[in-house]
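Below you'll find only one chain, the form predicted alone, shown as structure tokens.
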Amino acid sequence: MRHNLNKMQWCPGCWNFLVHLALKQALSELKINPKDTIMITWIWCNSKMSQYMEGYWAETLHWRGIPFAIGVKLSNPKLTVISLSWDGDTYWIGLGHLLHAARRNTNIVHITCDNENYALTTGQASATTPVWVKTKSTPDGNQIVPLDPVALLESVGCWFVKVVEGNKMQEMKDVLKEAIMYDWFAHINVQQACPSWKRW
């Protein structure tokens, strides 16, 4: 966490705390200098994470984090570039950017915190909400089959796409370290709870 910040703006029990800790530990264990790191976040709950990390950071607009991250990497290939968003932005609004980034295979890490709902706007259905789940936007139950991000990324040739449970700290840290050291595009789907809105 940045030395001048002492309050995180997440709900009590949010698994973003765990992602934040695992990412900090991964970068520390890899001995990557904060000055050689940039974290790109989008909008929504986990977008504050970049502010809580040592190093360079940018909070971008909806679904524009991946192209921003690619631009940073192309302008300075020596930087460790990490993009982080959530299922609504990555798998719905920003899906085109995700798929083409995987096809281009630019050396960035993209992390999707997948809690299967639009939590910041009070729990509407997202692209990964299970069928028949009742949310603010699907009061009679979601009738859209959820997207399978791993299968979709593999279909466009993504070589590094992994799923990890957001409460398995050691596994998450190890996968993050592997992704950071990988020389091409790496995508991690972190399956998360949402204490405020995810009731399934």
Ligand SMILES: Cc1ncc(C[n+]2csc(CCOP(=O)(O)OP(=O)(O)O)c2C)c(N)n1
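The model shown is predicted, which means the values in this text are computed figures rather than measured ones. Numbering starts at 1 and runs along the sequence shown.
If you look for the form predicted together with this ligand, you will not find it shown, but the lines that follow are about it.
If contact means any heavy atom within 4.5 Å, which of 170-178, 42-50, 129-137, 146-154 contacts this ligand in the predicted bound form? Single hit among the candidates: 42-50.
Find out whether any non-hydrogen atom of F68 is located within 4.5 angstroms of this ligand in the predicted bound form, and reply yes or no. Flag for F68 set to no.
Does any heavy atom of L99 come within 4.5 Å of a heavy atom of this ligand in the predicted bound form? No.
Any of the heavy atoms of T121 lying within 4.5 Å of this ligand in the predicted bound form? T121 belongs to the contact set for this ligand.
Any of the heavy atoms of I93 lying within 4.5 Å of this ligand in the predicted bound form? Yes, I93 lies within 4.5 Å of this ligand in the predicted bound form.
Within 69-102, which residues have a heavy atom closer than or equal to 4.5 Å from this ligand in the predicted bound form? Sequence-ordered list: W86, D87, G88, D89, I93.
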